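Single chain ahead, written as C-alpha cells, the form predicted alone.
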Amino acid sequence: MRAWMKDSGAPGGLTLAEVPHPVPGSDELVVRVDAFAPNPGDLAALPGLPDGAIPGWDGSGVVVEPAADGNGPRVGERVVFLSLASAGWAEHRAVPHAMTARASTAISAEHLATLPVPATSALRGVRRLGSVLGRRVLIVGATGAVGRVAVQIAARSGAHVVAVARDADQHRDLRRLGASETHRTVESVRGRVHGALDTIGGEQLVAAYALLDAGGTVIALGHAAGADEVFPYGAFVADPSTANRSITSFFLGAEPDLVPDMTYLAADRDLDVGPLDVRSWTELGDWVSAGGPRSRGRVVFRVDQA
C-alpha cells in the first residue's frame, strides 16, 4: 500500500511511498482510509517524528478487517477513527476498536474526516463545564474547527454563547450556529461568564480567566497564538465573586470512553463543520511544504486508492 512517510530530505519532510500493510493487534481493526483532515497537532508533531514514520491521527474510512477479539465495527461498516499513535496518512491503517466509531453512510467521508479530534474535543470541553443551561459560556477561537463545533454544542445545551473570533466577517455565521454574542477579542466582552473554552492561548487565555465568575473554569483546548500566558499581579487574588476559579489543561488522548461521543458526532447530519477544501491526498506533501495554508474551509485530503 501507499503512505506518506517522514523523509527529512524531501520537500515538506514527507514522501509518498510503498509500505507494508499494517499488521493489527488483537484489539485493532484495519480501515481503508477514505479521507483525513490534518490537525494543527499533526503538523506540529512532524519535525519530531523519525524518518520512516507515518503521520496522521484521525480520519474516516471503511473497515476491511475486523478486530481479532471480536469487538468493534464489522467489515464494510463506515467509521471514523482516532489514534495518537499516528499512521493515518495511508491507504490502510490499523486502529484500536476502542478509538473507532460507526458512522452514518448519509454523511460524506470528507465531512466525517473533520470530526474525530476537533469535534470530540469540543464536545468533551463543553461537558467539562457541567450544566450550561441558561449560563454564559465563552468560546475563544470560535471559527476554528474546535470552536465552531463548541458553539453549536453549547447552544444546543441551552447556553448563552459568547463567541470570540478575529474575523468579523464570520460573526453572522456564528450567530446562525447559535452564538448569542460575537466579539473580535475577549477584551470587548462585558459581564462575567460561567465557563470558557479557549483554543488560542496567550493573552486571550489571560483575558478569558479574568471574566470567570466564582467557581468558573477555562478549558485550555489549544494554543494557536503561540505566545506565553503572562498573568498580571493580583490575577489570582480572589474575593467572594471570584473565588474558586480555575484553568484546566486538556488532552484528548487521556479522555476515556470516546467511542459513544464519536458515534454521536458521526451520526449528526445537522452538525455544521463549515466549508471544506477537498484535495487529492497526492497534494499533501506540497501543502505541508507550503506551511499548511488554510482557506476559510477546512482542508481535507481524499485518499485515491490505487
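If you're wondering where the values come from, they're calculated on a predicted model, not measured in any experiment. Note that residue numbering follows the sequence shown and begins at 1.
What comes next is about the form predicted together with a small molecule, which is not displayed.
R32, S86 and R302 all contacting the small molecule in the model of the complex, non-hydrogen atom within 4.5 Å: So, no: the whole triplet misses the small molecule.
Close approach of G274 to the small molecule in the model of the complex, 4.5 Å, heavy atom: No, G274 is distant from the partner.
Touches the small molecule in the model of the complex: V117 (any heavy atom, 4.5 Å): Yes - in the model of the complex, heavy atoms of V117 and the small molecule come within 4.5 Å of each other.
Contact of L129 with the small molecule in the model of the complex (heavy atom, 4.5 Å): Heavy-atom contact with the small molecule at 4.5 Å: absent for L129.
Close approach of G144 to the small molecule in the model of the complex, 4.5 Å, heavy atom: Answer yes; at least one heavy atom of G144 falls within 4.5 Å of the small molecule in the model of the complex.
Interface segment, criterion being heavy atoms within 4.5 Å of the small molecule in the model of the complex, picked from 60 to 68, 46 to 54, 277 to 285, 247 to 255: Careful reading of the contacts points to 247 to 255.
Contact residue in the model of the complex, chosen from V80, V137, I153, L221 - any heavy atom within 4.5 Å of the small molecule: Exactly one listed residue reaches within 4.5 Å, namely L221.
In the model of the complex, the one of A225, A214, A210, A98 near the small molecule [non-hydrogen atom within 4.5 angstroms]: Of the listed residues, the single hit is A225.
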